[in-house]
Structures are given as structure tokens and as C-alpha cells.
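The chain below stands alone and is given in C-alpha cells; this is the form predicted alone.
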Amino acid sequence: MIAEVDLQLHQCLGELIDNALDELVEASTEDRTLEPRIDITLPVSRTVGRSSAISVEDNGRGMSPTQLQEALSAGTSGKQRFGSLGLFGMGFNIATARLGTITEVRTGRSGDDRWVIATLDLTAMRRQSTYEVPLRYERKAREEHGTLVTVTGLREDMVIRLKSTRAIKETSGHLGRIYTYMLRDPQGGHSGAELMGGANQRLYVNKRAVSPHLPCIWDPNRSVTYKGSATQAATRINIPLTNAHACMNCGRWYTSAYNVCIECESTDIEERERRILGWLGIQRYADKSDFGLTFLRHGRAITYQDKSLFSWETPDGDYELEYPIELGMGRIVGEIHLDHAPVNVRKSNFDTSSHEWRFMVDKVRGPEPLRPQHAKRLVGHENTSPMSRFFNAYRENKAGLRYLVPGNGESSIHEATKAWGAKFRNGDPDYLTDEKWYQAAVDHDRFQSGPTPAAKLQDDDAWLQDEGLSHLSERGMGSLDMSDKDDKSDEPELIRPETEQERFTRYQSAATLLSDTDRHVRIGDAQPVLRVYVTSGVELTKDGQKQAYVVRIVAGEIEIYVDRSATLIARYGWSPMNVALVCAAPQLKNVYRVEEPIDQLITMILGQFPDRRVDATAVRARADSLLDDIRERLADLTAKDPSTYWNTLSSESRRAAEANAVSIAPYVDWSGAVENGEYARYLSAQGILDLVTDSPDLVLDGALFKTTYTSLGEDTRADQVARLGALLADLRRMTGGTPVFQTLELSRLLLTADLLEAEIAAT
């Protein structure tokens, strides 16, 4: 019967690995010179059969004959179970029986001169109606030690599974995710390594190291501002609990003292400290599924990338998904250690109905909605949990430092940052820290706002220096050493022609690399590296003539430099990337001998940059997020005189608000919302436009929008209202009008969203 328990290959191996890790953690504590390792050997697809063997071996302390006999007794552990990943006993028997019919355990301690061997042949044991396991012995060198478990007589479904050419790779991947914490080096050098911790153990499958699935998070020192204070990009979770009593034999916890364990009748019960430990962090990229929390017990992942805490459980027991709310892409990740919480027999989930789990949910996520205004409306106060602060501080995926999202000067670069994440997990040293992601967020803001006055000054200085006129620069004049000038004024200055390398080095010193370039692109039959730089304050030249762009193609690398002040960018609003490709396409077509027309060549290259597409879904999501932000701020204003502002709204806007409220909160007290101003949380874009048009004193002059109003003359005030009204009319179209699919129109609406967001006053 135990062979019928539904366990996958990696789950069976996990039971054996748990035992080995328990042993190695203790062995490493006793012997600091030990280099712990676990070796798993799996048959390869071309040779696997029923007679093949699966083995798990560790170099721990090994067992004596007595210890081995106790360990193999079903339901009994040869060591204390408290604080352990696994145990010999039922879990061991189930796992080995799922793999095959014959299990051999070979173990020995350092200093002993023989291996102790036990063979469990389930078929023979059933035939002989005996479950006694005789021991036998073989000679060994005294310095040898450890335990080897070998399973043969493989079950047919395991043979079929192992015949897949991907079986070993997929099994290694599963094990890497389950044992990430145990395998991770807390001094690994990647961002957040010390915060996340790890046990630095070693696990191999067919002599290849199993890699932990390292969380790709921002450095804990990065932060964004939320409600006037910094919210770090990663933070520890350390929640002390009241001490409890633990059965040291079976691991069951009791909140009050017991003399005898009701689970296993052991009297070995001790009072122990309990804590909820772990961390929450922001991933360096957003994804539709690759995010969430991992919950662990004694370092072993029980659930991986769990998303259950992102939904709010209503008083009626229903669940409302609250995260992610933008584009369906999330980036909140974390690890929560619940060593005191019960798990199921397969170790595939916690008992989510247990008091221990429910308490953790309340402390880490909070019982209230994550959305602050929704929480205030329903329960009268905001959620103050660690996750709620993360949710609100990093809720948007808009590019730039405001939310710590890398961008390319136009939009977020989710696809590119995911590709960087893959390089991070492959151990590429250039991607271990978050510097590349951070620089992309910095560069995005720089593209958006243009060069700083300081940068402009440096650019001017560089130009004067290049022209041999550094003495005219402000800095040069300020620091000019007159004695040197006097000494050299009579000496003729030798001017050496600038080399090409020096020229391009000069360009680079005044340039910003577009974040999603610097990678291989396919052009015809070639795959060169493409880098696009935007320059500022330096004159691009070719053959002595000023150019809007220059191209250098060397050794499979393409560098395109585009002047930020080029007419197509500065006057016609083209993106630097588009200018670069349009201008360089004839040269690329010639060098790479592309037969297709130039327009197809440009399309082919742009198609390799999906983040640069203008997408209707993205526009709608951006508008919805913007509308939510405006409504939340507006509710505090309408509360000052609810009835007056309610009467300002058109009948159409009042009906829309009411319908929206019923849709979002079916049991809303609408009369109360109208009386206290809460109706503002349900207004449509048209409703907000009504307030701007008919009650500008309420929302302008920094109350909601930065737009100056009361101090202006009557005509100018009307112009201000009309200008803001035009932006809100576009917001109305984005959130409730006919879907827009024309690219130019989508681009225009995205620009409107940028302009409208810039109008919102800071809180």
C-alpha cells in the first residue's frame, strides 16, 4: 500500500535528501573541516530499466548497527525529530517503495572497520510474512564514513519517467527550488545574499551540482519613498511568538505543557522558542507567474512562489485578488520560515487551517485589504503589515526610480530585465548585483528629464577642452593656474590628430546607453551585439562633418550614437532607438548583406525588442492605475463638503459612480458614501472632469493637481481648467471608451498619461 502513495521522482528523492541533510548539518557542526555533500545517481534515459539503480549517498557520520536498526523501523526515528527535515521511518519507507522493490542501506562510521548493510526486499518480505531486516557486514577502511541508500527493482512508472531525456534536468531543477535555502551560500556576493541567508550545503545529481534557484532581488539598501519615508527594497521578517512545548520525538507543538505527547506517547517534551523568520523583497523584474512567497520548514521549501497571501479574504469567506494589479505582472517575492507549523505527509503544503498558519497570515499580510482606501472604507483603518507597505510602495511597474523599475527612456523593459535575471541565475558576474537594473532605472529618468544642469556644464567643459579652449570654461577659469599659463604661454602647442578610438571614447563619455540594447540581435545571417547610445553636449562628426548620428561596426559589434538634440528627436518626438535604426539601416543592410528592403530590416530588428511595442492592454492598465490614484486622493477632499460636490456632478457621473460602487463592493452603504464623500472613490474619469470643471477650487492649486488657479486672471484660469480637462478627457477615453488599437493613437494616449501624472500634486 505505501508504494501507492502519489509521490513524484523528486519528492521521493527529497525524503532521502532530508535525512542526509539532517545528518550533514549536525556532522558539520561537530567537524568544521568536513566538506558536506550529497550525491544522487540516476540511470540515464538510454539505459534505464527495471534492474537499474537509484542511489543517494552522503558523507556524514554514518550509523552504528543499532542506530541503523532503529532508523529502519517504520514510524520510529533513530534521532530526535524536532528540528529535522526528515526521518528514517514511514517517510523513508514510502519514498523507497515508490521508487522500487529492493532497498539497500549501507552505512559506516569513521573508526569502524566494516560497513553495516541492510536490505529491504518488499516482495520477499511479503512472501515470507516477515518484516525483520537482518544486517550483514563488509570490510572498509577506517577513515571511510557516510551512508548510501540504493534502490533497485524500479517501478515501471519510474522507468518510464526516467526514459525522458529531460528527466534528470527537470529533477535537478525541482530539487534546486526545494533546497534553495539549504544550498545557498549566505556570502554568495549577490544582492541580498546575507539578508536571505543559507546553509551552503552541496547536492549533486550524476556528479553535476544542483543549483539553488536564487531570488533575484534588489539590494536591500535600495528604496523608494512611500508616505514620506523610505521603504527598503528588501526587509527582514522576525516576528517573535510565545514559547511553546515541542515533542522532541515526533515534532508536534503544544501551546500548553503536556507530560505525554498525544501523537506518539513520548514523554520527551521541552519548552522551545518560536519565531516567524524570513524576508520580503522586490524582484528585479516583473513577471506574470515568476513571483510570490516561498514557505519553508527547517530550510526545506514546502510551497514555492505561493500567491495566496496576495488575495484578501472577505468576511464572507470569498477571496479578492489584490496583487498584482498592473498588467498582471508581479515582483513581490520572499521566504518565510515556519518551523513550528504542521505540514502534510507529502511535505507539499502547510496545514492552512492550523492556528500557526493563520497567525502567520495575520502578521505578514494582515487581515485587512492591502489597498489602503479599500481597507479604510471597510474596516476603518489601513493595513499596516510588512506586505501592505511593500504592496503600496512598489505597486506600479512604471519605469524609473519612483518604483525601482528599469526602463529604456520610453517604457519599462520587462523582457530585457527577465533576460538579465536568467544571466543572474547562470552566475554571470556582471549580473550578480542589481547595478545593471538600477542604472537602467536611472538612465530612464535621465532620458525623461534630460541632462542635469551639472551634466550640461561638464559637457560644455569637455567640448571646450576638446577644442583646446579649456581656459574659457567656468571650471577652467576658476581653477586656472596663472603661473603655469605664464610658463607655457610662449611655447607652441603641438596638436596631435584625434584617433578614431579616441573619438568614440569621447562620444561614450558623453553618452547614455539605451538599457535594452547591449545584446545580440539577428540581422540577416549574423547575430552582432547592438548598442545604441544617446549623446548630449558632444558633436558627432564623420569626415569632419557634423552628424545627427554615427555608426561604428567592429568585430561583430554595432555601436550607434544618436545626438539627443537631433531634429527628429528634439522637434518631432521620435525615440532615439527609432532614429538610430532608421539612420543606420542602409549601412547595416550593406554590411550584413541583407536582401530584404530597409523597412523590413528595421521591422525585423524592432521585433526583437518586445518592450518597445505600444500595447493597448498596457495603455489601459496605465490609465486604470492613474484613475485609482486620483480617486483615492480625491476622497479626502470631497469629505469637506460632500453634498455640494455631489451636486456638482452630472447625472451621468452620479449614475456611473453608483454602478461602479455596486460592481466593486456589492454591499456598499451608498447613502452613507454620498453623505460622507466616499463616493469619490468610485468616480469615473468623467466625474473627476466634472469636479475640475465646476469645482476647480477643490482640486487645483496643489490640492489634487499642481495646476495654478486662484491667483490667475479669469481668462487664464479658464485656460488652465481647459488644459487639464483635455487630459482628463483622454483619461476617460482610455478607461471607458472604445478600445484603441492604432499605434500612433496609443502613443499619444501614453503621452497624455505621462502629462496627467506630472500634474498630480505630491502627497
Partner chain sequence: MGNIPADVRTAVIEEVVRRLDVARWEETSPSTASEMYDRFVKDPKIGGRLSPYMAAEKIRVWIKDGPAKEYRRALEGIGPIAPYTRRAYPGPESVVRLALGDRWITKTNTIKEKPMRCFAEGPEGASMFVIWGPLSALQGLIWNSCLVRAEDSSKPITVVITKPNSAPLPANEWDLVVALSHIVGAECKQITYAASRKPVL
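Quick caveat: nothing in here was measured; it's all calculated off a predicted structure. Residue numbers count along the first chain shown, from 1.
Keep in mind that the form predicted in complex with the partner chain is not shown, yet the notes after this line are about it.
Proximity of residue 34 to the partner chain in the predicted complex falls within the 4.5 Å heavy atom cutoff.
Heavy atoms of residue 666 never reach within 4.5 Å of the partner chain in the predicted complex, leaving it off the interface.
Residue contact check for residue 207: one or more of its heavy atoms lie within 4.5 Å of the partner chain in the predicted complex. Put simply, residue 426 is close to the partner chain in the predicted complex: some heavy atom of it is within 4.5 Å. Exactly one of the stretches 429-437, 561-569, 530-538, 646-654 approaches the partner chain in the predicted complex with heavy atoms within 4.5 Å, and it is 429-437. Interface residue among 132, 318, 595, 143 relative to the partner chain in the predicted complex, by the heavy atom within 4.5 Å criterion: 143.
A heavy atom within 4.5 Å of the partner chain in the predicted complex is found for one listed residue only; from 148, 301, 234, 579, this is 148.
The single residue of 93-107 lying near the partner chain in the predicted complex is 106, the criterion being any heavy atom within 4.5 Å.
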